[in-house]
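Just one chain follows, in the form predicted on its own, and it is written as structure tokens.
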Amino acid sequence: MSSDETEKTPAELLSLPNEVLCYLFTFIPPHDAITKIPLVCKRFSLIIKDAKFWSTRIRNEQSVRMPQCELRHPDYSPQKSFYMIHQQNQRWKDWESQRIITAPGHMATVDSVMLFSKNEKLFCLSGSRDRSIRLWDIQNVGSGENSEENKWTVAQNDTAHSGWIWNVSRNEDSEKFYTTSWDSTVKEWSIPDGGALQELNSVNLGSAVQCVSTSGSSNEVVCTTFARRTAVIDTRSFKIVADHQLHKKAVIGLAVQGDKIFTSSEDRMMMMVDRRMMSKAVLFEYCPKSYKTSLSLQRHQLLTSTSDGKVKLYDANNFNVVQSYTVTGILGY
């Protein structure tokens, strides 16, 4: 072939080596790269589905080192992880310019809020020290001023508890939600299609109830109290079916996954017990300088905040510290 014919031959993407194609694909928005590029041809599809391609991008572009507990998780996907990291970076990169809306309604400190969707609409449920709970329509809050035609609060109960409301949680399957209070009760609620808040059940735990979680076994709710108690409630009878008092002070942090119940207390202990045998701790950690003020569990990763201003990430399988960050002087509840 002559040099003139070579110059006239058009360049094709398929003639490029995989290394060059991988580089070019990094300039394509992640959503398009995941959903459209694999449809072009089999070769492109194999590149996009290659875990090494996305693992390299996580490490080089996002500067993220995935913890071993995440890498070992059976549902771990480098492609999905990269996309979620990208989405969070996009969401928060201009956070200082975001519009802040103050929604008046409660008359005292709001200690708990929970976002959820129903019938393709986004809601926020809030519990306050004024002893009331309110259901907010997020779309109405963002679309204009509070008015009869555009009500921000679509349902409320001003006497939900006789004490401060500490926490709220929602069961996604049953769509029921639960509130805890200083009045020592845990209450079960429903939100009918009409929007009214309907109280279904209540149980007294003997002392102020702090945390509540619906992430455990089916038909069970786990909660903690200021009197050292961690209790399991059967939602069918709404009675306490199991409990322990392994902590020596108020239990202020709770995270549940299946049969694993993680708690933290002002006694500076963090522990995990098995729901099937709650008489002793399976894992525990004692920290002499601070205590864990809150816990969050996802995919074998336990995220904690501490009373000395740190955020610590643990491997939930063994309580090994994966990462630690200093945030501020003192972290509250």
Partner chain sequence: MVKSPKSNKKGGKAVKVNNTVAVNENLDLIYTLISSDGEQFQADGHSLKLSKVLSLAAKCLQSTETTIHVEKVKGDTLKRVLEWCENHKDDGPYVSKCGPGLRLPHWDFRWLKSLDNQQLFDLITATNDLQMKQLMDYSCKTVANMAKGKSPEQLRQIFGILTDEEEAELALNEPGPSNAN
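Numbering follows the first chain given and starts at 1. Take the two forms, superpose them, and find the largest set of C-alpha atoms that agree within 1.5 Å; that set is the rigid core. Just so it is clear, the structure is predicted and the values come from calculations on it, not from any experiment.
Below: the form predicted together with its partner chain, not depicted.
Looking at Ser279, you'd find every heavy atom of it more than 4.5 angstroms from its partner chain in the predicted complex. For Asp274, no non-hydrogen atom is located within 4.5 Å of its partner chain in the predicted complex, even though that partner is not displayed. For the chain shown alone, Ile37 is a contact residue for its partner chain in the predicted complex, at least one non-hydrogen atom being within 4.5 angstroms. Taking non-hydrogen atoms only, Lys52 approaches its partner chain to within 4.5 angstroms in the predicted complex. The candidate stretches are 294 to 302, 263 to 271, 41 to 49, 63 to 71, and the one lying within 4.5 Å of its partner chain in the predicted complex by heavy atoms is 41 to 49. Residues Leu16, Glu19 and Phe27 are all found to lie within 4.5 Å of its partner chain in the predicted complex, as judged by heavy atom distances. Once the rigid core is overlaid between the shown form and the other one, Ile34 counts among the residues whose Cα shifts by 2 Å or more. Here Asn318 does not count as shifted, since its C-alpha moves by less than 2 Å between the shown form and the other one after the core is aligned.
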